[in-house]
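Have a look below at one chain only, the form predicted on its own, in structure tokens format.
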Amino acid sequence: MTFFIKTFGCQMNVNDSEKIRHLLEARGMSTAAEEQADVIIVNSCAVRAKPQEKIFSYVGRFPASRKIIIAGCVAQSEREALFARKARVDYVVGTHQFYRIGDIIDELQAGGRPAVAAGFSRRWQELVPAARARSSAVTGYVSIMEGCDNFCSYCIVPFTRGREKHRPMAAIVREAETLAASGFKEIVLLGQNVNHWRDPGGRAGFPELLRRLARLPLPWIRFITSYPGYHEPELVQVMAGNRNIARHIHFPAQSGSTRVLKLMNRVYTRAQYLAIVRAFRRAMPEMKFSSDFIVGFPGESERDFQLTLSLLREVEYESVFSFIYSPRPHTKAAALAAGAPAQRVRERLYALQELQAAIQLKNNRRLLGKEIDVLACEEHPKKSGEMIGRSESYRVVNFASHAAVGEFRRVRITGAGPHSLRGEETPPSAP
């Protein structure tokens, strides 16, 4: 039996796909190209309507001879409705049930009928993918918590990932130690609200977990996604005191207007958000931020939108993910009346993206002529002898090099665009 996994969505979905691959390979199955695989597993994203529709379009391409399993967030939120839509699907596997996927495939091969496995579990399901099942040999994703108790009015995550559950510190440290021993150069701690993690078996919180992991021989430690309402001042101290914690944080604001944040049920204000940013930069002047923004949330006025643009100017983000508001089932905002006309909302999105591109270009041009450390992540698919790397602040850096994937190089920046940098490798210093 062969399988192919198509992953949509966030890094947590990528990590879940790694776990699925681990489980299936442990049962003797092997990966195959999309065109030849016996089983197609779609690990789905439901955070917005557009990606969800892409999933239905994708599965419709396959002949009836293929077994199609829809897993992940759409599977959890849509469940039986997937069959009502007459989507090409043989089984629906929710976010807490993928550990059963091997048995489900056996059931399908034995002639089992289409069914749904989408029950939530309050217990942490410990599963660590082997190195060969990972999507990268450089970056290791480490889940530390799952689910969300916030119920932001626009967000479907509590209905697709369930309530918060936290992984024990000992298990997190063991996985990180294994990744370090296997040659991984960075780990990324994952959670819907990663900075709200608490050790179920003790009193340790997220800053203490970072302090413990920083002792490991890992050049870079990252974490996503941080919720501003859960910020602890101790986190700033821990990051400032440990140089292998990357000076970059993904810090979703969603809006620059306190009024809209309240409508979104985000429990912080614009002023509080900016105070946290300033605290990080006082302790670490080199600290960089990225963020998420929703444009056109119900009730967003022109003044609210201008406050969002002013937040971009003040923080000068390294990058942002920006989207037009998308009503999601089960959420409170789905019952709210639409705000600005659709054409005006699109104009707002374009204005935000244009401003952010200008900010990124300005940020990148500041690096011209400077030398930075770059982690070689992959060979350039179209240019022989070139590498694609990442800076500490997660900028894309293209540079000519014979470095192996996973090696660090010192790179002098020679070119800057809004979305990437170009550089040349500097010769190593004499001993």
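Heads up: residue numbers just count along the shown sequence, starting at 1. Fair warning: this is a prediction, and the values are worked out from it, not measured in the lab.
Not on display, but discussed next: the form predicted together with a small molecule.
Asp292 is the sole member of Glu107, Glu314, Glu208, Asp292 with a non-hydrogen atom lying within 4.5 angstroms of the small molecule in the predicted complex. For the residues Gln272, Thr178, Gln353, Ser326, the 4.5 Å heavy atom test against the small molecule in the predicted complex is passed only by Ser326.
Although the small molecule is omitted here, in the predicted complex none of His380, Ser401 and Gly423 has a heavy atom within 4.5 Å of it. Exactly one of the stretches 251-259, 135-143, 208-216, 111-119 approaches the small molecule in the predicted complex with heavy atoms within 4.5 Å, and it is 251-259. Shown alone here, Thr308 lies farther than 4.5 Å from the small molecule in the predicted complex, counting heavy atoms only.
Interface residue remark: Arg48 is counted as part of the site for the small molecule in the predicted complex, having a heavy atom within 4.5 Å. At the 4.5 Å threshold, heavy atoms of Trp220 stay clear of the small molecule in the predicted complex, well away from it. At the 4.5 Å threshold, heavy atoms of Lys185 stay clear of the small molecule in the predicted complex, well away from it.
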